[in-house]
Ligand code: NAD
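In structure tokens, the next block holds one chain alone, the form predicted alone.
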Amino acid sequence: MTQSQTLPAFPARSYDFVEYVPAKNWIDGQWVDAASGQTIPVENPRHGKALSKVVLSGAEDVDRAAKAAKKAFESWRRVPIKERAQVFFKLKELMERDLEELSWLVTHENGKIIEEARASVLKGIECVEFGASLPNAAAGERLEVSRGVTCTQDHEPLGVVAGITPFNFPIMVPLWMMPQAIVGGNAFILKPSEQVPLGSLKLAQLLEEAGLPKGVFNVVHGGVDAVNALCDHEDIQAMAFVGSTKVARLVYARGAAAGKSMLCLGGAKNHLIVVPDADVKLTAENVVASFTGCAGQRCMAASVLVAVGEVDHVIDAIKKRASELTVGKELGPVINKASEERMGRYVDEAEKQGAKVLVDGRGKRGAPEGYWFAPTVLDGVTEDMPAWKDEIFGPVLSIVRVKTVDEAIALENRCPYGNASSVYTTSGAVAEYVTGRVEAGMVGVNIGVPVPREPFGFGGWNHSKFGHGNITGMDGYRFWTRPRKITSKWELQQDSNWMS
């Protein structure tokens, strides 16, 4: 692919293997190779072989992108916000036009079944829609605070900003960040996961088609070297990150030490509390969808089911539903061989430590090739087991038994993460009691994936987030901007009060 070529349409409309163009950097409206000349393969997890390759960038490439973004920012910041938002009105239209292409692209580079891939793109479109609404939602504030004295507050862009996104949602997670940042007047550099770089190529092309000026959006591919260069670059004013807690903590510390505004979302160990009065059918369907959806590779997936008292009738229904899922059709592959092996080790270790395997996903495959792990349910898990403590990031549900709701809440709150928690009950009193006491930033009642819809912001607590505020909604807009307060007086005051 030369610099001047338009990306070809992604051809797949089935799970059959296809190849696609190499993933190059997108800098100042040009497709360019990395300075290193190095590439690594991009695997299709369903087939276990490369559908593309991606360049590996370093500090030189990040500097090139930052310079292009800095130059573009000077004119982009002066475009009125209502005009900046028009790009995202157009982007929404283009993404809806190309919904099937984008969805199948996600399926092939990430492994999601097509229904999940399509849902993730539609959620990304919702984030674009919110960005397009910002001229109304983020209108400046003005108040006469004293006789003849007014205060106004506007939100000014920061300059060049950056986002680092994970493998599990190649299109959706970048769109948690870009609309608020770019409509806010910033120039943006995206560093997607090197495992799923292809969605970002399409976003770059669609933004160009939507009328975004060159240099306002740039893509730099790579691994650790690219991340470190983004953290260190003096022209980058703010960064957001989504990934594991271990890396989120490191990125947050390095970027903050360089003087950047940082917001880093980390891992999760979400607890679902089930009480005896829970609706059996609703709970079983919901819990299984939560821990198996996207092959469990999402920070909102159920990890631990806290069984309060006599709930074996509910667990039996969960076991039955999980056993019925068809691997390959209703459950996609996991991202790579290392993930498949890691999940197996957690189940092996839990079983050795005394947990009972109610549903065993080890060795079950959706196809001869690729990387697979079927739904797995562990019962009798205790707090000393890694299956309770660690984020497995796969379709594995660990059941912990307690006697009371208070014990369940205490168990939840001993977990260092604080991303999401849910309670399954038909009692409003129990629901209110639990939701007001669990240590989690996102809480559900009879909902296993309590993702807040726009304009409500996405973000957890404790070790699931480093930085202030949420990454989506109005918090996201505030993160990518800074408030300017202006106090004005235009005439001599004829009387006085204490403020004079």
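As the structure is a prediction and not an experimental result, all values here were calculated from the model. Numbers for residues come from their place in the sequence shown, where the first is 1.
Just so it is clear, the following notes concern the form predicted together with this ligand, a form of the same protein that is not shown.
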Sort through Pro174, Gly366, Gly394, Gly266 and report the residue having a heavy atom within 4.5 Å of this ligand in the predicted complex. Gly266
Note which of Trp76, Phe167, Trp388, Tyr252 lies within 4.5 Å of this ligand in the predicted complex, where distance is taken over heavy atoms; exactly one does. Phe167
Does any heavy atom of Gly211 come within 4.5 Å of a heavy atom of this ligand in the predicted complex? no
Give a yes or no for Lys112: in the predicted complex, does one of its heavy atoms lie within 4.5 Å of a heavy atom belonging to this ligand? no
Might Pro192 be said to contact this ligand in the predicted complex, defining contact as any heavy atom within 4.5 Å? yes
Can you check whether Val121 is within 4.5 Å of this ligand in the predicted complex, heavy atom basis? no
In the predicted complex, do Val405, Ala408 and Ser427 all put a heavy atom within 4.5 Å of this ligand? no
For the interface check, one of 303 to 311, 87 to 95, 192 to 200, 379 to 387 should have non-hydrogen atoms within 4.5 Å of this ligand in the predicted complex; which one? 192 to 200
Counting only heavy atoms, which residues in 230 to 264 are within 4.5 Å of this ligand in the predicted complex? Phe241, Val242, Gly243, Ser244, Val247, Leu250, Val251
